[in-house]
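Below, in structure tokens: the form predicted alone, a single chain.
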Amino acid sequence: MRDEDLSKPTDAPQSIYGIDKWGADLVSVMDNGDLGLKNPLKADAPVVSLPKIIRDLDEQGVQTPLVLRVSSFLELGIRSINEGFSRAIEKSGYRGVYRGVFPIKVNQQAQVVDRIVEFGRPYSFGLEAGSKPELVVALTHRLARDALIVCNGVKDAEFIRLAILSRKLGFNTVVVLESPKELETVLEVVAELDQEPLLGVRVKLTNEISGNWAESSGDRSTFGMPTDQLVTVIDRLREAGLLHCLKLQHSHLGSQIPDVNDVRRAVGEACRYFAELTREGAPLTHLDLGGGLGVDYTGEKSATENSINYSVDEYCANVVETVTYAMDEAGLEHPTLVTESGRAVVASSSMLIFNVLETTLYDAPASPAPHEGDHHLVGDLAAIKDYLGPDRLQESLNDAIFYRNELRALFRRGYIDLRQMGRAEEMFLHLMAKIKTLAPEAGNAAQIDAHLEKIADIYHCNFSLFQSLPDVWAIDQLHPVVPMQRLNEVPDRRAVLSDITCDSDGKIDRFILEDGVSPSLPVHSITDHEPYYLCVFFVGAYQETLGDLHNLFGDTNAVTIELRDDGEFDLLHEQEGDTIAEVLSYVEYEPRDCIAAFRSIVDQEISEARLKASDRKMLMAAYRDSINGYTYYE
């Protein structure tokens, strides 16, 4: 992709970032250049300045980096899928209802799950638990009486026992059978409790989707039973006199499905299994189609890895229409539809905000003159400026790279000294600045851009990629990244973003722009008198729960806000990020022991006269301040 020409003025510098494509309902650029948050539930409400939110939070002692959760964005996610199915059901004449569940694994944070339950209650929206801890979380919430708790994943007897017993409290807790072996454990627990379970069965579909998560579908998907195992389970349930407990069929379509036609095909296959299992005597009432509803991270509206070619309404319409036709053809009642859409519900509700700490710039405003006695290649490098112009731009770039590389080789072999090499590097960077300015006028600008991308600036930022954006590192997931301020100014630099970890992989070097994906981000020159913030969108799904403790950087601060009608916001909840003491405890260090060990070292140095006794208080205070402090740059 050829990078957008940043040297030419434009009436809308913010259009560079494609905001209208991926964030039209959520964010916009204010007249003063601030990135603003829109309230998608109240179209007439004023836009709220995101930089002002950060300034206000900073005054209250909440520092960046932080995860900002917007309650109205989350409520929009809940409304969109529930009302989308409601419209599709009414339009198709579907004779069943929709009862969605949120997979807790997508974001287990208490503030997120609590609000999903709150916003989902009017729709009888439930929860999906893929582990015993997640079931424990689900059972702390007062769900609507006809909401579901769907229990997936590998389950031991304790997990199954709690699920079955929870029905005594009025929970509609479904134990989804993952294998014939798991059924035997269920039968043992049922015999022990003398209480009937509410059962589901997970069917492995053969349809394969495209995209990053293709392996979550088809024959090689991790969970679900193939046809032969399904027959075994049906026979065993009939033999045990519990076939009447089998009410739900779960068929996971895939994850982040980019193509709506894959949705149609997978739903159609799931319906065939539903019809056949019903004919086998299973009194199925619920068809659970798992996850798959994707998020358009890039705004391309295309069937690509980081985009989707359909809307929420189109997804709902395709599901309802396909099930309607299949059930009518089979002569079956229309089942209750269930989906486990997590990403689409919660991704847009959170954003990661961090400040730029410093920059490494790959150009220079001025060029030094060669000194007497400098190697002739230094003079050759300096002379390029005399013929540098649009018509000889490629030649000038080639010469600059050649002379600079030859001089580096001479330095490594000891033929030129440090100061001579320093002058040469500064000359080269000044030439690059000139070439960047002239590049748009060159006939082969695309080729020159490709060279210049290799010397994009590095903006060093106050966050950990591995803690807060693990999918960017692990699977090349794209997230929109936008400066929070100065969006009424044309960005004058391009950069990759380096995180605060001591790891060469800790960087973001693929960015969503208006005209495609770029290896660098258009940014503004950093000034000394004001902080420069960047915002990463759509981090509500998985990013908060998949992070690791690389370099022992812990969870960031997290706040939940509600947008007000007067252009202000209310702080609903603040969760302080991990202290160093808390992170140390995660990796088996007891903070009190650490303090005691450090004190012992200090005291030994004093006793052996290598340290003044008066320094003890200062050293211990510094150590305590650090161990109780934020893991990020303060």
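Residue numbers run from 1 along the displayed sequence. For clarity, every value in this text was computed on a predicted model and none was experimentally measured.
Below: the form predicted together with a small molecule, not depicted.
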Note: the small molecule not shown here; in the predicted bound form, the stretch from 291-299, 369-377, 421-429, 183-191 having heavy atoms within 4.5 Å of it is 291-299
My question is simply whether Phe402 lines the interface with the small molecule in the predicted bound form - judged by any non-hydrogen atom within 4.5 Å.
no
Would Lys155 sit within 4.5 Å of the small molecule in the predicted bound form, counting heavy atoms only?
no
In the predicted bound form, does Pro103 have a heavy atom within 4.5 Å of the small molecule?
yes
Is there any non-hydrogen atom of Gly342 lying within 4.5 Å of the small molecule in the predicted bound form?
yes
Go through Arg99, Lys507, His286, Arg202 and name the one with a heavy atom inside 4.5 Å of the small molecule in the predicted bound form.
Arg202
Which pick from Gln256, Gln249, Ser350, Thr556 sits with a heavy atom within 4.5 Å of the small molecule in the predicted bound form?
Gln256
